[in-house]
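Only one chain comes next, encoded as structure tokens, the form predicted on its own.
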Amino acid sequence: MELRVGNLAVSRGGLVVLEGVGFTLHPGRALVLRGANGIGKTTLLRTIAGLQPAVCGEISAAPECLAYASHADGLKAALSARANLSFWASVFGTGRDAAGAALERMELTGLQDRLAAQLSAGQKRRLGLARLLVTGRPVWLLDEPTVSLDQAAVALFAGVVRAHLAAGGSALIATHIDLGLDEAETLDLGAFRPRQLRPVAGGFGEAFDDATGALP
């Protein structure tokens, strides 16, 4: 599944933070988003994922092909590691065996019966990322996926991404570190920053939502 973005403008807090963003992400490819803190990487990913509206522009990809992993791990603290993944596998309809395979890929099999609340920060992050493997979706949207991961876990996750690409999937990644994906291309979002921040027409409601914490 190909992801195409054309002349896209996105906003945060009622202000346009990126405009004219365009790229095509082909199957088997990874694209790394670069830019200073606050430039709009998270906002762009959220917009592509359908979690907030675009100001203008085009996003061409079937929603059922996209899997978004944010800063949050998205875990139920009172459920075991396996139960968390089994829940998401049932949501995405990927089958009973998907949770076990994901635990093995992220080297969490030995922790499968431990409650998520009892996991370390790095283990929670690996479990949160393991959700990608049970979605069955080809286009991964990843927002700083290596937060809380040590060097070994970063390498493990990079291997998972590489295997996803080899299987015909794709990944759009916002990250400040080198994942070791030599095959990945880079998109500098600085080129799409408006010369002057301006309000979105009729954007009072979005500014209000941002003040209440609805936006990142």
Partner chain sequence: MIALLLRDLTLAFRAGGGFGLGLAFFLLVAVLVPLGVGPESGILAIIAPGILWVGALLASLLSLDRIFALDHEDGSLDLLATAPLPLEGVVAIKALAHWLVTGLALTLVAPLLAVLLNLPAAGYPWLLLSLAVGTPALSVIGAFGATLTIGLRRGGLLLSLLVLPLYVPTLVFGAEVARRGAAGMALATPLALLAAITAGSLALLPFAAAAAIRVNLR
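Quick caveat: nothing in here was measured; it's all calculated off a predicted structure. Numbering follows the first chain given and starts at 1.
Another form exists, predicted in complex with its partner chain; not displayed. Remarks below refer to it.
Note that among 142-150, 84-92, 99-107, 118-126, the stretch whose heavy atoms approach its partner chain to within 4.5 Å in the predicted bound form is 84-92. When its partner chain is considered in the predicted bound form, residue 46 lines it closely, a heavy atom lying within 4.5 Å.
Using a 4.5 Å cutoff between non-hydrogen atoms, residue 36 does not count as a contact of its partner chain in the predicted bound form.
In the predicted bound form, at least one heavy atom of residue 52 sits within 4.5 Å of its partner chain.
Taking the partner from elsewhere, residue 111 is found to have every heavy atom lying beyond 4.5 Å of its partner chain in the predicted bound form. Residues from 129-144 that approach its partner chain in the predicted bound form with a non-hydrogen atom closer than or equal to 4.5 Å are 131, 137, in the order they occur in the chain.
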